[in-house]
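The chain below stands alone and is given as structure tokens, in the form predicted on its own.
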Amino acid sequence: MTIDHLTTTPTTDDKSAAHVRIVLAKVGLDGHDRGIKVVARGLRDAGFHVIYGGIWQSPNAVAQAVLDEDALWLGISLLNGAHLTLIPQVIEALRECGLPDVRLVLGGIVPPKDIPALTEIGVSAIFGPGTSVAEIAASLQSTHAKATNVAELLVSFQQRNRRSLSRLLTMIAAGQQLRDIRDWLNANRPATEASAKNKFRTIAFTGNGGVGKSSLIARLVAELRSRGQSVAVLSCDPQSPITGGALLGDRIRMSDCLPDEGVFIRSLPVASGSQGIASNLDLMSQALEGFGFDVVLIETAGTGQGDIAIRNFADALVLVMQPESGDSIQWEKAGLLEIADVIVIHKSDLPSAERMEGELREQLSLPGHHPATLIRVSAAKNTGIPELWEAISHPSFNRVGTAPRVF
């Protein structure tokens, strides 16, 4: 498919149907985060998709988060009186990322005499103490994304424009023009030496909520970057079945990885009943491959025993478990243990990790059980990470040039 074929198919991001994306973060040394967490929950309940970046963020890291998340808004909370120093730095970082149209709002304690200077440099709104979440939500709902022309977007994507990648992922997530995008990506697969040798890999991480998937992925990202590999992360979090809002907080565990042009993190809302994965993950992964990333790491939302759909989207499937999360009777039940390529006993610094390893090895040694590699890892202690990568990068986990995986 040629670009010319798409020049007559513009598409508009209809924010009346989609959910407004906003990044919330605290920059500088301000560690008071109770207020911003209240706002994050309130905006989630109002139907927003809130990407929470956490505390102690640098202006450049925040700007990269806005860029990669394709957010319309950036909300900064400051209580340390450094607004006249830090906010200009944030605005400059946004401009350097090619995001002059992203709207910035500021919350916290800002003296009235400083407000004109902040609005003059581009702050859209300032919400002081006593502002209700309803007022904030009403203000943020007033903005709509501009129309997107697919042809122009793909030209820019082909030129390795990072914002075009982010916008393309937004379209894919929304189910817009999927056939045209897929056809174009198929026709323009990278014909590089790395692609020919099939070095590109997609690795999926799944497991119950709270087992530490995000912290584990953050450590693995750092390991891969130390080996000179570029990494993209697709991180899935639950979406409210009532409002459609979502609090997308996995990025906070990976904040130490940023800013870094070799790392791309995208937070994805997951509708209830979707087995912990966002829509069109395969096409998103293909877009990231086409952009040039070496590895894509997919993190599911917290999953149950029967949530196995993720197996179709990755070269290797990593099941993350933790001590005291079940016994042999639970593991006998049909589900994830049957299809995992690698099983990680995470938080292996806990006292009962050794016992869990013994029980799992006994389970895996039973006749007819699906073969899997078992590894003990601790993100807190930073142990087992190189061994984990060696296991999941094994040539046997390879979707191209081999027989299909059979389950």
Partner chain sequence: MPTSIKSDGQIAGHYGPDEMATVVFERDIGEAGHYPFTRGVHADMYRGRLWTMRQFAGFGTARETNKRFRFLLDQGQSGLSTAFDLPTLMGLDSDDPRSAGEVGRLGVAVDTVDDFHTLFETIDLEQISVSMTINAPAAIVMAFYLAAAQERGFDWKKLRGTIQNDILKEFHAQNEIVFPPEPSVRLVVDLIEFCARHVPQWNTVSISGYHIREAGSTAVQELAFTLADGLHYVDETLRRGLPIDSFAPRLSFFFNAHNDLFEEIAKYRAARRLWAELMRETYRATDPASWKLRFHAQTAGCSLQDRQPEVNLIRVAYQALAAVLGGCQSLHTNSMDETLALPTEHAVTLALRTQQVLAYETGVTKTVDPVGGSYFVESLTQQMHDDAEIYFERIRSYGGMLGAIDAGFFRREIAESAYQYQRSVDQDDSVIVGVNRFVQPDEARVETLEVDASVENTQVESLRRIKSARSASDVLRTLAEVRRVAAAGGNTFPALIEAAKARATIGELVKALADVFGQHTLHEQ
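All values reported here derive from a predicted model rather than from experimental measurement. Numbering follows the first chain given and starts at 1.
Omitted here: the form predicted in complex with its partner chain. The next part is about that form.
Heavy atoms within 4.5 Å of its partner chain in the predicted bound form are found in one stretch of 50-58, 63-71, 354-362, 336-344, which is 50-58. A187 falls outside the set of residues with a heavy atom inside 4.5 Å of its partner chain in the predicted bound form.
Contact check for R162: every heavy atom lies farther than 4.5 Å from its partner chain in the predicted bound form. The shortest heavy atom separation between K113 and its partner chain in the predicted bound form is within 4.5 Å. Heavy atoms of E223 never reach within 4.5 Å of its partner chain in the predicted bound form, leaving it off the interface. The single contact residue among G128, G244, G292, G209, judged by any heavy atom lying within 4.5 Å of its partner chain in the predicted bound form, is G128. In summary, among the residues A138, V155, A82, A309, the only one with a non-hydrogen atom within 4.5 Å of its partner chain in the predicted bound form is A82.
Scanning 27-45 for heavy atoms within 4.5 Å of its partner chain in the predicted bound form gives G28, L29, D30, G31, H32, D33, R34, K37, V38, R41, G42, D45 in sequence order.
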